[in-house]
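Take a look at this single chain in structure tokens; it is the form predicted alone.
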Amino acid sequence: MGILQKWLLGFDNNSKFTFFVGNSLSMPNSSPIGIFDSGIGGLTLAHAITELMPQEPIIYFGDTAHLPYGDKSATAIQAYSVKICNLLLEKNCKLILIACNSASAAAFDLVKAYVGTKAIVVNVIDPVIDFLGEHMQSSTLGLIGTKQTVNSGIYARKASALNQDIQIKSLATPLLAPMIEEGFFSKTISEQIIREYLVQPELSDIDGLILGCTHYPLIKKQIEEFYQGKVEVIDTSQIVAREIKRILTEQDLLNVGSPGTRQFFVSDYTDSFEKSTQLFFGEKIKLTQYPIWD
């Protein structure tokens, strides 16, 4: 058990932190959905959620001061995640989406315990695993993601637990997220880097490819062009958005009012983040800088 887990679990029953015991929340349906990622990758999820549920208010936090999470230690990712959740809880979010595979693998259980019954906590891995169990039985699947996600082995373990004869062949692709953060996701240089990864033997003879990083839907078109329809490219953003709608509907927390507002926070201002956000939502976006400690 790490230092941060011991610190959290050391609180007694009189502390201000409560542990997760259920999904029922006593808050208005109009409360926002909180989303956080190390950078722009989670915007693919924010956009998918907005497209599916335009009435839901969104509060997005991009931890641009610490990106990418994929090369950080699990302890560091856990610390960043807890601090970000403080902000999202202050904003009375009814649901917090860990819109980052690295953070989902390293910090989900800790964040869920920390948040307790104050909000529903969702990661980006479990909805994908459920999708695989329903639609990809007896398949050999490739997985590309950060070093943190791939080295955790979490996709392979969870897929194996389904007992659906699903095999996961993983490849760490650490150059892709920084490339996308810098805006190089529709250029010749990105095509060359993508191809160099996809031709690796770890990804040979696969039926489908899981985009195991929320940045990667931004290069989905180039990946599909490489495979020319021979491999199904699994876009996790749509899968997770549908699962969030299911959860909110089940918990009677779906907002049915007027179109929701969107707020964007970053731990450090970057020009590429602002441009990418405006590209996603087709409007001028105001970024609010909210530093978290190192």
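The first residue of the shown sequence is 1; numbering continues from there. Just so we're clear, the structure is a prediction, and the values are computed from it rather than from any experiment.
The same protein has a further form, the form predicted in complex with ligand DGL, not shown here; the description that follows concerns it.
field: in the model of the complex, the residue from L248, I49, L67, V233 that sits within 4.5 Å of ligand DGL by heavy atoms
entry: So the residue touching ligand DGL in the model of the complex, by this definition, is L67.
- prompt: Can you pick the stretch from 30-38, 221-229, 248-256, 264-272 whose heavy atoms fall within 4.5 Å of ligand DGL in the model of the complex?
  reply: Partner-contacting stretch among the options: 30-38.
- prompt: Are any of the heavy atoms in T146 no more than 4.5 Å from a heavy atom of ligand DGL in the model of the complex?
  reply: The answer is yes: T146 has a heavy atom within 4.5 Å of ligand DGL.
message: Heavy atom within 4.5 Å of ligand DGL in the model of the complex: which residues of 81-101 meet that condition, in order?
response: Counting only heavy atoms within 4.5 Å of ligand DGL in the model of the complex, the contacting residues of 81-101 are C100, N101.
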